[in-house]
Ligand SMILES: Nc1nc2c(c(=O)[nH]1)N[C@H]1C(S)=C(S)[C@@H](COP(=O)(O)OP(=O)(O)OC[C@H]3O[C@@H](n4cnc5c(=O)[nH]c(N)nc54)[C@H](O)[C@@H]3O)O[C@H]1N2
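Here's a solo chain for you in structure tokens, the form predicted alone.
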């Protein structure tokens, strides 16, 4: 390594694949200058677009927003400007305001939201400890609530453990892959690589998705269902397995319970009876069921295409039912894979940043578990599960008893004013909340409602542990010094707790980790030393010695994590989505991911290469027939309306979308699709139904005026975010010419359309290629 440079091996801060990454650091200028793939268990030296180029936000280029560098307070109250203060003043002010609210309304008047992104597991542990031991409430949650809470809830009910039972490397050895509501090419390109390798080895693929995704393009069976009919399909497949004698009777008898009641309840779900509801021929459903049951190495993968529905929990259980019926649990290369989206959403669940469990999934209403944590933390802990974060608007806006309202919202590393459904309601709730604290790395939309803003260190500026989607604990290492006065998230909350009279003090993340391990039996063996030696450790890992190297797959031998060790076959009836299309709103809308951007885009939106790949105001993907009826073409700005609001975006005509269905990515700040989405919740997991609501698309006659409006709004938004630099790369240029070309850093409309329609292909190609020259070509897109 050249003098003045060093290499730091760490874990990518984006999706849950847990890819190892090697950062080249200019130590003289305290800057990361390059990222390359390192040989991790899941990625084997490969990276996707975000891995290669997603570190640039640390240089604070101020493309979309800017880094938070010092604490700020609204000294004049709501509506007054944020003013810079010292850490001492910010901590004391926060502590006093929280204490006053607790004194007047009780500890349950405070809600805490943790972060599943950069801070890591140690910070997650401190967040839930702060809320429980210092504040005195179980009102703590994080973004898993709006993505994979249905997976956790459903799998707990079915098999007792809410995590992937299969590991990412195993996927390539599957004989059958049942892929439902999951687009790996855009969500997890490195996992997509395993799917393609499985295909090359002879695996058969069943893809269930209303879109023609990259997985659908290589599938042996593509069930292009109507959005929202997942449970109808899964029940019809289970019916077929039972009717046609495809059930592994020995496995069902030895390792499950509830079969007779389950089989009887499926009586009305013959594929022939359900085909018109699902939108797929009955014989295709039967073919899929037969193929699923043909192997003992069938791997089921799902994403938010099944969890973000009001029947998300029921659909997760139904997926598990298929594996239980066919004996596809308990050995290598089989089982279920809820592939987590954000880089540490698995870990933040592991750390107990949930309203009903402590670290290690120990229930808060279990007296033995509670007594253990009370002894360790020196406090009396509440026994009642807390509030899911999706109920915060209800508790602020519609709860009439002040003692039952939420009066303070402490938000770590999340942006609900961008990511939650029904943004009009969220803004109203944040405005009405007495006291809002945000702890983050960038100014964001939620910070506009904050009474206190606390600057935190970002990935690359601190040490931590992340949990990959398949339960792998891995070390994250500090590469550069933090900007400004930023502190690690765990240090900030320890300081607030201490100011409130509950001393919390640690000298390192390892000290926090060791405390967490001592209280969490299934994680106890995963020491820093073992992670260092092995590159990572999959839980459960109970013995600190090197003899216990972790657990590749769960439920060995068909012994499940339920009380009696048996899987439960549970039936739920199919129910239609809550908001169907009609004459006023004739199109359905589904939210999806963007291959080159991530979450609320504060990170990737401030990376030069990724912002050039795609920028505001985003796209709405529509079938060409729908576009023709509306008189719009690719690149045109359009308004999209729902019963909750409207937004502006660009039309993208694509055959990948079914006629009558539209798709928008949720990263965009100007074209914010969550202005449209519905706040209807799954009653069991309280997860919103992001994947289906009714909309209409409106053509805009004066495109030049619309372009000017978008550009003006973007600039005003950036000004609100505190940007003062004049960076031409950050501006949205106006379209010019009859061909719809855009100047500046925006590509032509045709080029952008081509990019949008081939992004998934590029991601898949990046993931699967073995040719370095071809890999460079794909990365250059």
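Residue numbers count along the first chain shown, from 1. Predicted model, so just to flag it, every value in this text is computed and none were measured.
Although not depicted, the form predicted in complex with this ligand is the subject of the following passage.
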(message) With the distance limit set at 4.5 angstroms and only heavy atoms considered, check whether 303, 456 and 592 all reach this ligand in the predicted bound form.
(response) yes
(request) Just give me the single entry in 225, 504, 570, 706 that has a non-hydrogen atom within 4.5 angstroms of this ligand in the predicted bound form. (result) 225
(request) Could you spot which one of 677, 138, 320, 467 gets a heavy atom to within 4.5 Å of this ligand in the predicted bound form? (result) 677
(request) Using the partner position in the predicted bound form, report whether residue 165 sits within 4.5 Å of this ligand, counting heavy atoms only. (result) no
(message) residue 308 versus this ligand, in the predicted bound form: is there a non-hydrogen atom within 4.5 Å?
(response) yes
(message) Is residue 602 near this ligand? Define near as a heavy atom within 4.5 Å, in the predicted bound form.
(response) yes
(request) Flag residue 143 as yes or no: does it have a non-hydrogen atom within 4.5 angstroms of any non-hydrogen atom of this ligand in the predicted bound form? (result) yes
(message) So if I measure heavy atom distances to this ligand in the predicted bound form, which of the stretches 356 to 364, 261 to 269, 186 to 194, 242 to 250 falls within 4.5 Å?
(response) 186 to 194
(request) Residue by residue through 656 to 677, tell me which have a non-hydrogen atom within 4.5 angstroms of this ligand in the predicted bound form. (result) 663, 666, 667, 673, 674, 677
